[in-house]
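Only one chain is included here, represented as structure tokens and corresponding to the form predicted on its own.
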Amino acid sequence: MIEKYLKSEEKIIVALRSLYSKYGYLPYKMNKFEEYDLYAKNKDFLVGDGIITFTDTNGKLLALKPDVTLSIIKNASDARGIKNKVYYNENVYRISGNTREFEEIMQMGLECIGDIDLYDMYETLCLAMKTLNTVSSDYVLEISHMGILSALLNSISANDNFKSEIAECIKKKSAHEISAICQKYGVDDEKAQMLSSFVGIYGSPKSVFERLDSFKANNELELAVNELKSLIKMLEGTEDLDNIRIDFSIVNDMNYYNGIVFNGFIKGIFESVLFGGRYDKLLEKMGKTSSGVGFAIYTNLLEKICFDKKEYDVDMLILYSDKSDLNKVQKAVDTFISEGKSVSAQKSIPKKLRYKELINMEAK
């Protein structure tokens, strides 16, 4: 009965809480504020460059949380063989890159931190698919693997500037810029062509792996490709394998991410609503020996989808006046509610309120 009165996005949040709990993820709640240093030391990891700060009464510089993952890592135990599995539903606060105004963003997600193995990566991808499917069956999960890109770049040059510039080109799918950068750093034509062809690899897992087989494999590349193949093979047992695409233009900061990275899209929203990946390097930077993988979904973006727009705001609108018998008004309200109807008792009709039926109980 309660679900009847929830908005569509609220129903989704309830469903996702149930989903994550079934897989053993525990709820995580954090404060609105964290010490600024936590975010300042990992600015490159954050989405956007704006951190909203203020000074506490004791003179300490604090920040409105722009991210949840960093707080989870900070508080996660770092013992061998242990996995910290948590989910969260939090609002984060950032400075908009477009308007430069403060914005509040609703996020829900999960993190698995600890002794990560292939199963944990599979489970994270599986839950990402189930998360998207909870919102809409018309979705696409695009998957990449930072180890594949890293292996290709390492086989060509040890120059970090070259790697960074090429990674940015791959992110933009700009083969032309790749050729120019290869000339700039003296990369031979064969390797430059290999990188340019890498940009265009996109599609179903089967078609992508066929194209990857043509690349000259080294041990590092072979390990990364085999890990991605193993994950896809495990996902073949799900019903939604057709919703998966491999896209190597998903490039996250190589100083933080390794292994799988992925984005999720839903029809009707023209930007990624879900993002995630494996971030062992971030944990290492924060002094942890554990590994980590997780994702978040921007639940505020779901409002852009017209799920089940109601024709009416309330079923019944009861009009009464100061002279009305309030006992009769009360009984009418209780009766309609007991019948499963929504009721609004008013002295006048509110502007823009949509009602199915009007009951006039104004005393003459």
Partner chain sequence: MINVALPKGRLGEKVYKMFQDCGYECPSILENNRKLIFENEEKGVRYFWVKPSDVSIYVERGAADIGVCGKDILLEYMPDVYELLDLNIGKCRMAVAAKKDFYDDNTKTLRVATKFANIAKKYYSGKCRDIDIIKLNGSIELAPILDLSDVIVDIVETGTTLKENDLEVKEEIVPISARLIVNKASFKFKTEQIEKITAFLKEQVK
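Since we're looking at a predicted model, the values are computed, not measured. Numbering follows the first chain given and starts at 1.
Not pictured, yet referred to below: the form predicted together with the partner chain.
Trainee: Verify the contact flag for Phe270: yes if a non-hydrogen atom of it lies within 4.5 Å of a non-hydrogen atom of the partner chain in the predicted complex, no if not.
Mentor: Although the partner chain is absent here, Phe270 would touch it in the predicted complex, with heavy atoms inside 4.5 Å.
Trainee: Residue-level question: is Arg245 within 4.5 Å of the partner chain in the predicted complex, judged on heavy atoms?
Mentor: Yes, Arg245 lies within 4.5 Å of the partner chain in the predicted complex.
Trainee: So in the predicted complex, does Met254 come within 4.5 Å of the partner chain, heavy atom to heavy atom?
Mentor: Flag for Met254 set to no.
Trainee: Does Asp115 reach the partner chain in the predicted complex, with heavy atoms at most 4.5 Å apart?
Mentor: Heavy-atom contact with the partner chain at 4.5 Å: absent for Asp115.
Trainee: Going by heavy atoms within 4.5 Å, which of 181 to 189, 150 to 158, 262 to 270, 222 to 230 lines up against the partner chain in the predicted complex?
Mentor: Among the candidates, contact is made by 262 to 270.
Trainee: Within 4.5 Å of the partner chain in the predicted complex, do we find a heavy atom from each of Lys173, His176 and Tyr202?
Mentor: Yes, each of Lys173, His176 and Tyr202 comes within 4.5 Å of the partner chain in the predicted complex.
Trainee: Only one of Ser290, Ser71, Gln107, Ser249 gets a heavy atom within 4.5 Å of the partner chain in the predicted complex. Which one?
Mentor: Checked against the cut-off, the match is Ser249.
Trainee: Within 4.5 Å, heavy atoms only, which of Asp240, Glu284, Asp138, Asp78 is in contact with the partner chain in the predicted complex?
Mentor: Checked against the cut-off, the match is Asp138.
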